[in-house]
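What follows is a single chain, given as structure tokens, in the form predicted alone.
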């Protein structure tokens, strides 16, 4: 029996765990992936206070080290949450009871929605994970935000040429990343361009077709077009376009169920705002115990 079970070990979930444990409450984290969430897919983080530059993997490890000796961590995927006297959280192997739930499951990557996308080899959502496969090759990255530009910069250290494919003229990436991209000779920025078809040779990507009918030869294509939360393990949660709706305490419409980080509807999605969400939820739970 736990006071709080946290589902997800990204920055929001780990921040919640830290503050709940400091409040003397019994806490369990369940995650189906390694601790860190999307940070693990980020080469360099330069906008998190206290670190002028740190890899996402190192920041994730630092956070996990801070909580691992005080908070129980279980590897597994939550399959359902039901309510009796307490919440029953079921995974594929075990069930756990808790008074409160914190949902910190983040987002699943958006896809292009094109034929063959799930079968053709050569598509990736993580430059840090797969960039080494494209050393001295030609790759593209779809997107125009910080993720797309930072991944393009990382890939530029490995690939012969990197195309950034932006479907409009609007660039969402911070100016510091735009400047760095402009200064990279092997990064080519394509505006008002979108991928309309994936072309392959025996199941391996060799080019893409753009909206102007141009065939762009590519050895690999990386997608940085955001994501949407997927909370399939609990019913009756109020949401908008897949994002959970919470109040100022980060509590959902179900009493005792909180949601934090990328899974909730809010204006800004950053590591710092995710940490803030986790802290607010933890302090709200502590307050409810008084």
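Bear in mind that the values here come from a model prediction, so they are computed numbers and not experimental data. Residue numbers count along the first chain shown, from 1.
Note that the form predicted together with a small molecule isn't included here; everything after this is about it.
For the small molecule in the predicted complex, the listed stretch (250-258, 64-72, 235-243, 28-36) containing residues with heavy atoms inside 4.5 Å is 28-36. Shown without its partner, this chain lists 159, 104, 141, 218 as candidates; in the predicted complex, only 104 has a non-hydrogen atom within 4.5 angstroms of the small molecule. Of the candidates 124, 98, 166, 147, 147 is the one whose heavy atoms come within 4.5 Å of the small molecule in the predicted complex; the others do not. Under a 4.5 angstroms non-hydrogen atom cutoff, the small molecule in the predicted complex has residue 44 among its neighbouring residues.
Looking at residue 271, you'd find a heavy atom of it within 4.5 angstroms of the small molecule in the predicted complex. Put simply, residue 16 is far from the small molecule in the predicted complex: not one heavy atom of it is within 4.5 Å. At a distance threshold of 4.5 angstroms between non-hydrogen atoms, residue 193 is out of contact with the small molecule in the predicted complex.
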